[in-house]
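A single chain, nothing else alongside it, follows as structure tokens in the form predicted on its own.
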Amino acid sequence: MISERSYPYATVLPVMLVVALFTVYPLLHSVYLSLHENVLTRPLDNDFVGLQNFREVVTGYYFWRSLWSTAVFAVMAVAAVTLYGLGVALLLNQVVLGSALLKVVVLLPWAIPAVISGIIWRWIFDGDYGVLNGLLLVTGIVDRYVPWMSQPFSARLCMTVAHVWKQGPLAAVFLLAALQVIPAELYDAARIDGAGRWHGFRFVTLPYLKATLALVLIYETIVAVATFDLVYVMTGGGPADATAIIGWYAYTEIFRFLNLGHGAALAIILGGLLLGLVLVYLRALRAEEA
């Protein structure tokens, strides 16, 4: 018989074992790989090399190039997703005809797998037969097909649009839930005091949304920095490494150059980078609350 004192531990133990199996063990194994030489073309060489893998990837040209590409894409994607989610949430918060159906339509892209989403947008932005080029050509905005995915800035912009279409609905749902708990009396009091829509948004809505906005920023930053599937499907890291973010760099080290040590080192660096960004967000939020 399980005693009353040990019952809580017994109920939590299966979950902890699953977490250890699928989270703790892969993490520890990645640390092991990063500290050893693991190149599949030399399977018998498995020597301990310490921090050599980290030193080799950090001092390489592609690491800093991928870090810059990651930063540019993350800034564009997080800003766009947050603004899109806030705008859609404000729109859906209004009582209009068909708002329930509109909520379902807005949320639908989030339910589509990321790979399928990337394939859809790759077809839309294709420079030879893309839907976007067809529409622009028919309306007379352009006189020939534009190779959207062949220029660094436009390729990043295309990826950002695809990312917003996929991730924006979730941000909108979070912010809509926060909007719906704001007391209506606060807006009434603001109108009585002569505040317009902008002042009501600034002094009533935004203070109530700060915690949710912080959650959206943290989550979307993690998703943007760790993005891989859109790069794999849409651009393959090109053109000129403009979309070769750090997750793609880790993939190429493992599956193209067959260097598990370098790939594991990059994965750990990426995890540390994400942890640092989350801590910065949380510190800024605590400072704002103080």
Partner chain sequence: MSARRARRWAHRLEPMALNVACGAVAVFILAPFAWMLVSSVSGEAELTRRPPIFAPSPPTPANYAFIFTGQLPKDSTRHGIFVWQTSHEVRLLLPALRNSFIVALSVMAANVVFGALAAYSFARLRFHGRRSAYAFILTSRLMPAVAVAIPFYAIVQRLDLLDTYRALILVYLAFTFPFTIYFLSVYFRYLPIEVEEAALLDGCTRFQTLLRVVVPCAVPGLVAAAAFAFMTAYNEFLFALLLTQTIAAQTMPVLLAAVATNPAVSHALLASCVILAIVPPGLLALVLHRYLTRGLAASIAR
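As the structure is a prediction and not an experimental result, all values here were calculated from the model. Think of the rigid core as the biggest set of C-alphas that the two forms share within 1.5 Å after superposition. Residue numbers count along the first chain shown, from 1.
Omitted from view is the form predicted in complex with its partner chain, to which the following refers.
A.B. asks: Sort through 151-159, 71-79, 104-112, 200-208 and report the only stretch with a non-hydrogen atom within 4.5 Å of its partner chain in the predicted complex.
C.D. replies: Contact criterion met by 104-112 only.
A.B. asks: Would residue 187 count as touching its partner chain in the predicted complex under a 4.5 Å heavy atom rule?
C.D. replies: Answer no; every heavy atom of residue 187 is more than 4.5 Å from its partner chain in the predicted complex.
A.B. asks: Residue-level question: is residue 224 within 4.5 Å of its partner chain in the predicted complex, judged on heavy atoms?
C.D. replies: Taking the distances in the predicted complex, the answer for residue 224 is no, it never comes within 4.5 Å of its partner chain.
A.B. asks: At 4.5 Å between heavy atoms, is residue 27 in contact with its partner chain in the predicted complex?
C.D. replies: Output for residue 27 is yes: heavy atoms within 4.5 Å of its partner chain.
A.B. asks: Verify the contact flag for residue 14: yes if a non-hydrogen atom of it lies within 4.5 Å of a non-hydrogen atom of its partner chain in the predicted complex, no if not.
C.D. replies: Residue-level check for residue 14: yes, a contact with its partner chain.
A.B. asks: Thinking of 4, 124 and 233 as one candidate spot, does its partner chain come within 4.5 Å of a heavy atom in every one of them in the predicted complex?
C.D. replies: Answer is yes for this spot.
A.B. asks: Once you overlay the rigid core, does the Cα of residue 21 travel 2 Å or further between the shown form and the other one?
C.D. replies: No; that C-alpha moves by less than 2 Å between the shown form and the other one.
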